[in-house]
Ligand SMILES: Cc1cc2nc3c(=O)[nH]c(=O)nc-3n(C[C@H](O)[C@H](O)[C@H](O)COP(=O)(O)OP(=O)(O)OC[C@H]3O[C@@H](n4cnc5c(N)ncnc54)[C@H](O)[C@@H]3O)c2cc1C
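Taking the form predicted on its own, here's one chain by itself in structure tokens.
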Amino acid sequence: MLVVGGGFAGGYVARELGSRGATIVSKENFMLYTPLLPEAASGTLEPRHCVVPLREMCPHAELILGAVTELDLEAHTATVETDEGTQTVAWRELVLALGAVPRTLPVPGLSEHALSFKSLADAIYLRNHVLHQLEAADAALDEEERARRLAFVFVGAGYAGVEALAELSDLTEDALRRYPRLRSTPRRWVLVDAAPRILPEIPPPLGDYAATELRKRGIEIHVDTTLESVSAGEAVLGNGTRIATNTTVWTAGVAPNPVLREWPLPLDEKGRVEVDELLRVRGHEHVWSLGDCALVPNTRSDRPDPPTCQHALRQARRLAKNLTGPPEPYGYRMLGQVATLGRHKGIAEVLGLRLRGFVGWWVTRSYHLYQLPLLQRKVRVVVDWTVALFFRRDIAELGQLGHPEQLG
């Protein structure tokens, strides 16, 4: 069995297959547990602890580091480009779990000046960028430049945008103890979304609580608002608001991996692979797909699954069973939704119960810890969380990480 993609969906399919084995093709040798990404960016969590090595997560699987460049669905072969060259891999059953990329819109200046928040590299870069803005603001000679450096705009008020903004604003407030000259300079955090409210995926009472909690911290929220344009020093909103800032973060949704359009697969208008209720790609008996790159019908819902880790995990469990036994339709009723808001606050809806504040934060963390694979990773995360209760976040900027100087 060939699994293309080692993210949440692909990694769990290979893990659930167990000793039956699989071959994973992935550009990275780890699976990123994306719900922990905001904490990795803010310094609450060591970045390495929100990833799981695929060789440990799937001990019976073979891992090929590379990318599939060609698929021959008739010959049942895949061409894989690796650092060592090109190789051809034969398969009996093919699983496509290529995930998603940030969804972009034709906003002037977006690709040149906005930052993404989708990968571990994005999280580390954003952390370094925020800390660099503090250093630059401290060195600035006038208040206008300081204010520009200390203004941060997040476009997209779903889980990623809200949690990243909350965690990074906490990092900034922690860091200010070392910047006495900046304490009198206002920090401006702005959250923008085209929807009528933030966190539209969750029940309105919890979303309203989240908005109220963020506003108490001085965070500006612009709903029913789009991003008009962005430049190196300014973000312009659709409602006419102009924000002097060097930091615009784009978290406005995801789109299926564009490489899927290069292969002979049935895709919907958004580029998602069309699968039936068994998770089999329509028209291809031995090709399957799941996760963020697929349009997955749910027999227990009147709409396709959203691109979340919770649904990808349930799809992976069903698909692994379908690959090894009599196929059955996929159906999953969502158990709840959770989100953190920083400062030991959170929101959660679990089995119909709506929780907020400290209890919501504790339930959110407990859920993510439960879903995180490997005992050693769980222990590392618990240790990080425990240390963070007693010490402030580290403020070292590691912008040179991974970029060593050449000898001579």
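Sequential numbering from 1, following the sequence displayed. Predicted model only: the values in this text are computed from it and were never measured.
Below, we turn to the form predicted together with the named molecule, even though it does not appear here.
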Which one, Trp189, Trp91, Phe117, Tyr209, lies within 4.5 Å of the named molecule in the model of the complex by heavy atoms?
Phe117
Contact check for Gly109, Ala151 and Leu171 against the named molecule in the model of the complex, heavy atom at 4.5 Å
no
If contact means any heavy atom within 4.5 Å, which of 64 to 72, 376 to 384, 44 to 52, 355 to 363 contacts the named molecule in the model of the complex?
64 to 72
Examine Thr104 and determine whether its closest non-hydrogen atom to the named molecule in the model of the complex is within 4.5 angstroms.
no
Please run the contact check for Val25 against the named molecule in the model of the complex: heavy atoms, 4.5 angstroms, yes or no?
yes
Non-hydrogen atom contact Leu227 with the named molecule in the model of the complex at 4.5 angstroms
no
With a cut-off of 4.5 Å between heavy atoms, is Ile202 one of the residues that contacts the named molecule in the model of the complex?
no
Those residues of 1 to 16 which, in the model of the complex, come within 4.5 Å of the named molecule by heavy atom
Val4, Gly5, Gly6, Gly7, Phe8, Ala9, Gly10
